[in-house]
Each structure stands twice: as C-alpha cells, then as structure tokens.
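In the block that follows, a single chain appears as structure tokens, in the form predicted on its own.
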Amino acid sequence: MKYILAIDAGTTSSRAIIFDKNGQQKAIAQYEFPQHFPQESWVEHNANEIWETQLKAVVEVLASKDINSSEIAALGITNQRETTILWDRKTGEPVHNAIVWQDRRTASICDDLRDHAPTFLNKTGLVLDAYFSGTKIKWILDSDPAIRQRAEAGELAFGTVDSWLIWKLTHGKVHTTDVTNASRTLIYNIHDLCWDEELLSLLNIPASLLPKVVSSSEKVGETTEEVLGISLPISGIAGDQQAALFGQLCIEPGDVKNTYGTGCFCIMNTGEKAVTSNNKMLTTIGWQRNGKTIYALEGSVFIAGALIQWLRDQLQIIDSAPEVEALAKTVEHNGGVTFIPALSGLGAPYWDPEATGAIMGITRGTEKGHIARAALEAIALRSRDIIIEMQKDAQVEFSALKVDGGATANDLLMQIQADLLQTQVVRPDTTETTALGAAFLAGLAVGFWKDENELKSIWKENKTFSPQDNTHAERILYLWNKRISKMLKGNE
C-alpha cells in the first residue's frame, strides 16, 4: 500500500487529499459550498451540499493521474466541529439545515441554563455557550413538535459532520463519532468518557439520537462500493483542531499549535491529565489511541480567515484573500487603526456573545492598506490573547508556536504573530496538517505507519519566523488593550 486518503470537511469547503508514506501530498481536490444566513447571527449549511461537494472531491482525487485507488490503505476524516446535523435514519435526509458552529441563535438557551454552567464545565470541560452542539440539538428539536416526536421515537440521528459523512460513505450502515468530536457537544463527559445522562436531561435530548463513540484511531467501518466504487477502511476520525494537533506531532505535554482557518484555534497538549482552566480556556480531548486518552487546553477565535473574506466580500477592498498581504504591505504600519474582529461575538478568553466588530482609530489619512494591516494584526492579537492565558493555566512558557492552516502562507501575518508573542513561529513544510493528522491517525490504525516515532521523521520545518520589532509590537498591544477594554465595557 502506498497512500492514505484524507477527507477534510471544513466550514466553507470540502477537500480530499491523498498522502504518501512520507506525508507528502500527492493529489488534492477542493470544492466550496454555500453559506446560508437566514437571520442575523444565524449560520447554516445544507448537509446535502456538504456531502455532494465532499463526494465530488473524493471521486476527483481517486481518479488522479498516477494514483491507483487499490493502493490506498485507509481513509481518515477530519471535520469542522460542533456543527449540528439531524437526519432521518431510514431516508438519510436531513430534517433541518445544519446549524454551524459560528451560529449564535441558542444564546438564550444558554442564558436559561446559566445556573447549571458549573455542571457543564465540570463534566465537559466547556463553558456553557452557543458555540457547542448540545444547545443546537435542543433548538432543532424545539423548533418543530414533529421533529421532536420523531426523535423521541428513535427515527432520527444526530451527528457532527464526521458522523454525517461516515453515515453517507457507509450507506447508512455506521453511525459513529470519535471522542474528540463528542467532547465538543456539551453532552459528553470527558472524564467518564460517555454521553452524560444528566446533561442530556438538562437539554431534553433523547439518547436514541446519539452516535456510538469510538477512539480516534481504529477501524470503524468501510466505504461501500456503491458510493465510491471502492471499499476503504475508515480508520481515523478527529475534529479539525485535534487532527491538526496530531498532524503537527504535538505529542508531548506542553506542545502547542495554532491553526489559522475560518477561525483561529490554539491547542496545547496536556498529556493524560485534564487540566482545568482558570482563564476561560476549554478543556478538551486531544485524541484517543490504543486505549490512551490525551487531553488538551484550547482557545478559540471565531473569526480569523473569515475576517479576510469579509474584507473581500463585504468591504470589497481586495478581490481574493491572498491579496491582503500585498495590500497590507503598501503601508509601513497600521496608521493607528485597530480592528476588533468580533463579527460573531468574542470567544476565549472574553466569551462575550454580544460583542460586535469595530474598526477604531480611523482618520482622514486612513488608507485601505491600514485597514488590511490592522485586520492581519487582529488575527494575531486574538491568537495572542489565548496563548498568554493558556500559558498561565499550564504554568509553562513554550519557546515556539507551531502554525498551520491556509493563512500561514501569509508571511506578514506570521511575522506579526512572532513579534506580538516575542517567540518563534514555526511553519511546517506541509501546512495541510489538519488533513495530515487525520491521515496519520488512519494510517497508524491499519499499520501503514508503525508508530509515532516513525511519524517524527516525516514532519519537516518550512520556515521559522523570529521576533523583530518589539517597539512597534508594544504600540499595537497598547492600542488593542485600550480599545478592546473600552468596547467590552460598553457592552456591560
């Protein structure tokens, strides 16, 4: 066997990537799917559009020149987390559009349950927030009495995107998820490693909806020939951020990575100990393999790459996302402009669902380049917010930050990040570490790779960004702290 196939089911696109034994990308296909915004702060996907674009991407890479599909050892899946889908077990048809992780419609449900927030936190490691799947499930069930009735009769299935794709790939034979995705639902006990009856009761969710929870690296089923034309073992599953953590080979306690995608997600490996955060970070499961559960601390920035998309689509100051770097370089600094990227509230460490975005410090001399540069700084500043608090929780200062995701191709953003953190930022040779992590987990399960030591020889550095201009970084931080404090105070 020569290859591993990885599915990377993202928030805005579906991708399929084939890796060889050296972790090198041999073929890739990607298709965007529509984002639906029925109301302000609501974000939905059509689950069938996710499946159709994902299937199209997989079929395309399987047909790639020089790829013999019979030489693919296994399939690994990584996915946007928390996004919630309910579908009919008999027909396979969704009963409602998928409610995306960015969606804020269930904030009032969280408010109603606020007295139980400590219970959710202690059992799941998560703050009680609309970000997670549990309240989204409840909202769909409460939105239509017929849907709730069908759910309670055992006719419906719930899943995050991994579960949905596995169901479709196996033609409805397998309904499962792994521990990493389960740990993001707000109804999974990360200490007892099971769906929690008390939390299900608080949210009025019938247990019959739920998938079987498996480890991140084991064979759970096979794709059917009627779907793909080939039978492949599905042997790796992980939510996108945990997959990236494993793909970056952050396998020792204290190792940390930051993924720059639609949002920014920073995770630190804490080993077999679930570290409780005192600084509003999330405690989550990093992965589970060979009977060992690895925990992690995580901080999430809801808007990162999505901010650049906003500059492109709403403000229309760039025609494509990669142009933002060149535009930002037309000026030497931000011109006193600060961009607060709260387009979907603020995540860790603020957790302010009511926060809105703002561009502050505009003068008659403000140019498009200043706004572009301030947007890049905003992504790096929000990441810094999280990393500083995470260090406090773990009581460790790391010497380097491993980075991945599409935005890491932006050298200016990476340099800004190094300057603001005053630490090295290390970009790997393969920036598709989310898909690579899913491939690693799948390959280990079927013996394609022997162990983690073999994987270490695969990971290679592309470029390291070292801190440079501390004076300018201090000025950016001063304005950021002053302006975000003022904005948050105004929301009180």
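Take the two forms, find the largest set of C-alpha atoms that superpose within 1.5 Å, and that set is the rigid core. Only a predicted model underlies this, so the values are computations on that prediction, with no experimental measurement involved. All residue numbers are counted from 1 along the displayed sequence.
Below, we refer to the form predicted in complex with a small molecule, which is not included among the displayed structures.
- Contact check for residue 223: no non-hydrogen atom falls within 4.5 Å of the small molecule in the predicted complex.
- Contact between residue 140 and the small molecule in the predicted complex is not found at the 4.5 Å heavy atom cutoff.
- Residue 406 belongs to the set of residues with a heavy atom inside 4.5 Å of the small molecule in the predicted complex.
- When contacts are judged by a 4.5 Å heavy atom cut-off, residue 369 does not count as touching the small molecule in the predicted complex.
- Site annotation in the predicted complex: the residue of 410, 293, 277, 176 reaching within 4.5 Å of the small molecule with a heavy atom is 410.
- The contact residue chosen from 230, 400, 321, 396 relative to the small molecule in the predicted complex is 321, the criterion being a non-hydrogen atom within 4.5 angstroms.
- None of 308-316, 163-171, 130-138, 185-193 except one has non-hydrogen atoms within 4.5 angstroms of the small molecule in the predicted complex; the exception is 308-316.
- If you fit the rigid core between this form and the one not shown, you'll see the Cα of residue 263 move by 2 angstroms or more.
- Superposed on the core, the two forms differ at residue 306: its CA moves 2 Å or more between this form and the one not shown.
- If you fit the rigid core between this form and the one not shown, you'll see the Cα of residue 221 move by less than 2 angstroms.
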